[in-house]
Every structure is written in C-alpha cells, then in structure tokens.
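Only one chain comes next, encoded as structure tokens, the form predicted alone.
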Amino acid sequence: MEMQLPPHEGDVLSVVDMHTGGEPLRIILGGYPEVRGDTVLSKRRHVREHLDQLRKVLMYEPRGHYDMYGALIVDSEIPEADLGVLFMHNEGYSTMCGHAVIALGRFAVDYKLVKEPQSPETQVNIHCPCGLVKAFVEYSAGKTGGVRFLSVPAFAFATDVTVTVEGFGEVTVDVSYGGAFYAFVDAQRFNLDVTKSRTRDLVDAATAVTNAVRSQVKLHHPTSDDLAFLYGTILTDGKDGFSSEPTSNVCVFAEAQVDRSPTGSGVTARVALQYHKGLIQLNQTRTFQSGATGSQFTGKAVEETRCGDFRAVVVEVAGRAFYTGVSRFVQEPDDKLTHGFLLN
C-alpha cells in the first residue's frame, strides 16, 4: 500500500533522520519558510527570533522528544562552503555540533549536495555558525562510510577555576572551546561514575555546574559575541593523560539534554584542553567513549594555530553516522498539541 499524507493544512515538514553514536539528528529538507540574513550567524538570529515555533514542532513531542537534535540547511556566504547549517535542540540553537557534522558529511554526499564524489574520501565544506568546518567522507563503490572533520580553532579558555556549585560547594572546573564552550569536571568530584551512575544523578550534577559557571565566569570569544555562551558541562572519568585506552565522558547541554554520543564539539574542546595542559602532543590519537551508550569517536590535535589572543589547535574528530528513516510531518489546525510540548 502506497503511503499517502493524511488530509492537512499548511506546509509539509520533510526530514531525514540519522544518528551518530546514538545521538539523533533530524535533518530538515523542506517546509521551512525563507531564512533571512546575509550570514549564517544572522540567519541563526532570524530563526531564533521569527521561526522558533517550527523548532518546537520538530524537536518537541509528539514528533520529537526531550533529547532530539536538528539541523536546518541554509545558504552560506562563504564561497567555498558546500552548505550552511543551523543546529537546534530543546533550548534553542547551538553554534557547533560535531555529531551533526559527521552525519551531514555523509548526507551531503548521498544527497548530492557536493560535486562528483571522490574516492577514497570526499571533502564537504560545512559552514557552521562557529565557522567553516571541513569534513572528509569515506567513499568507495558508490557508498559512504566514516567521516572525519577538522575543527575551527579550539582553545582552553580557563583552567582550574573555582566556582560555588549549589548542593556541592566549591568545585574546580576547566572551560574549553571546541566550536562551543564547555565546562569540564571529573565526575568523581560528585562521587559519580560516567559509565555506571544513574543518568539523572549525572544530569543533576552537570546542570548545577553549568548554572554556576554561567553565573560566575564571564566568557568571551575573539571573533563574535554570538559564540560567547556556555553550552553545557562534560563530566569525565578523569583520564586525561595520553593513553591507548578509551576515556569516557557524558555531556549535558542546552536544557539538561544528554548527548548519547561522545560529543564531537566536546571532544574537540577536551583535546584542546589536554593539549594546553601538555597531556597529549600533536597527532596523538585518543579514543573518546560515551558514558551513555559506549559509542566512540577518535580525536587528535593536528595543528597549532591562534584564535585572537588564545593559543589554539585544529582538532580532527572521526566517527560514524547511520540513517534511521525519512518522515513527512503535518499539522492539523484543530490539534491543540500541534506546536509541541516537553515533559521534564
């Protein structure tokens, strides 16, 4: 039986769903009105101020869920970019998302958003709100595979900062940037284990840290004020020194949203932090494991650079993304829940 849309009014929202290391990505193909703005950052401001109801329709229940993640493809002002992208989640709009870049790299090749694919790798230039990110997609015999990407300049913003965390007292954290800012702290500080403790306990601790850092540490980014916000907190297993063994972490971002993957921008920021502390060297590959699902990314610092006054590195992150389906969503005018809701 051929699937047909039910009677409906309004535009159809068409999406392709993927996941990277268990973390979902809903790529929006159609149904959005024109996104205005001369730059990707100005387009981000436009959707936040004028089209936010559509983020809720696609990210929130009943079409999504509390931890859904999305990507809206837009035009880029950078000539060498193959596509621009806006990231969205339960709270709003991020500036960088590594798991999404890995999925979008494969998607761009499969959906012919780039010129003729090349073997063994096809380069895809993705303009994220934080800047141009170069992805390299394995391609052989017409099939796409794993993806690696080179980050924007990543840097340690502040190390060994003491903040007062509600319910936990004084806690020492590091803050690092990998396309977005994260606070890092060893989960053992809260008597937690990122691979064994209850997710709720990890979320509560990480959220308390995020709230403390947001209120007590003033962030700034050398190139744009739009990038100067704390995205979330990453709890680690404390194994930051170089090792061939995987190191685990759990990222809690946005509005207490839990990343199922090791977190691509989080891995970028963590590698930059480890490099800054002299714990790893250039081209030393580390394996980062999600405490939530056990999925893995690899990461390594490949080049020294600068970002304003900060000593920075370009980080290579690699992983796999997989398709889960395609959908077309409609809104019925008499559906009182059509604009979406969340259960906290």
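Keep in mind that this is a model prediction, so the values were computed, not measured. From 1 onward, residues are counted along the sequence shown.
Form predicted together with a small molecule: not shown, discussed below.
> At 4.5 Å by heavy atoms, is each residue in His99, Phe253 and Thr263 next to the small molecule in the predicted complex?
Judged in the predicted complex, His99, Phe253 and Thr263 all sit within 4.5 Å of the small molecule.
> For Phe288, is any heavy atom within 4.5 Å of the small molecule in the predicted complex, or not?
No, Phe288 stays farther than 4.5 Å from the small molecule in the predicted complex.
> Spell out, yes or no, whether the shortest heavy atom distance between Tyr69 and the small molecule in the predicted complex is within 4.5 Å.
Contact with the small molecule, yes.
> State yes or no: in the predicted complex, is some non-hydrogen atom of Phe184 no more than 4.5 angstroms from a non-hydrogen atom of the small molecule?
The answer is no: Phe184 has no heavy atom within 4.5 Å of the small molecule.
> Does the small molecule come within 4.5 Å of any heavy atom of Tyr231 in the predicted complex?
Close contact exists here: in the predicted complex, Tyr231 approaches the small molecule to within 4.5 Å, heavy atoms only.
> Of Ser94, Gln274, Ser176, Ser248, which residue is found within 4.5 angstroms of the small molecule in the predicted complex when only non-hydrogen atoms are counted?
By the 4.5 Å heavy-atom cutoff, the listed residue in contact is Ser94.
> Hey, of 238-246, 106-114, 133-141, 253-261, which bit sits against the small molecule in the predicted complex at 4.5 Å between non-hydrogen atoms?
Answer to the contact question: 253-261.
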